[in-house]
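We begin with a single chain expressed as structure tokens, specifically the form predicted on its own.
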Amino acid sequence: MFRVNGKQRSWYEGMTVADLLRDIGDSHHYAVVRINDKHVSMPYFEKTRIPDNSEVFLIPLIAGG
């Protein structure tokens, strides 16, 4: 198990950030994800694994002018 934005989720061996985003089916575009105290940017979502018992925060892309 691990937490995503404060909610418990099931975890599986080898789960990456990209897997998580596909699993939750969230339509937001995320520029950065924080796993515990480490920030991961979009180009690394496919390669970055999420450890069991992690705290994950999804940080949406925000644009303005």
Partner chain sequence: MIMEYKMETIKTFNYDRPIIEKGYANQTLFIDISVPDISIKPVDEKMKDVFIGGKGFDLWLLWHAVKSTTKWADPDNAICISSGPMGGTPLYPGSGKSIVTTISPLTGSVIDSNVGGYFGPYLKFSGFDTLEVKGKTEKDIVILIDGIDEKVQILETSGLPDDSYDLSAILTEHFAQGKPRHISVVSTGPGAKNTRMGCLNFTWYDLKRKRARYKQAGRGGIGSVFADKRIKAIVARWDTVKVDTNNPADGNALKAVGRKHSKEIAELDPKQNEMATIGTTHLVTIMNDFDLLPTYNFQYGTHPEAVNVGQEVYRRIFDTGYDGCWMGCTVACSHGVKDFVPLTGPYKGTKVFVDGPEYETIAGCGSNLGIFDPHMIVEMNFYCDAYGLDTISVGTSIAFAMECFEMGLIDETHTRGIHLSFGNRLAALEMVHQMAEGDGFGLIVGQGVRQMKSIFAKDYKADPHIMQDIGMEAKGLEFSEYMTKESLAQQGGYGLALKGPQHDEAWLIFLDMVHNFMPTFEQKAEALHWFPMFRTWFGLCGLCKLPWNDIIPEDNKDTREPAKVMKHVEWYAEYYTAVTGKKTKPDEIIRMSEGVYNFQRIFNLKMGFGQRDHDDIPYRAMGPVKPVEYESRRDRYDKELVEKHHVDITGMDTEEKIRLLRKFREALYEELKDAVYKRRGWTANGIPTLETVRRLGIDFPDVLELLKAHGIE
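Computed from a prediction, not measured in an experiment: that's the story for all the values here. Residue numbers count along the first chain shown, from 1.
FYI, the form predicted in complex with its partner chain isn't displayed, but the following is about it.
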- Closest heavy atom of P43 to its partner chain in the model of the complex, within 4.5 Å or not? yes
- Message: Even though the partner isn't displayed, in the model of the complex is L61 close enough to its partner chain, meaning a heavy atom within 4.5 Å?
- Response: yes
- Query: With the partner left out of view, is W11 within 4.5 angstroms of its partner chain in the model of the complex by any non-hydrogen atom?
  - Reply: no
- Note on the structure: Checked 1-22 against its partner chain in the model of the complex; residues with a heavy atom within 4.5 Å, sequence order, are N5
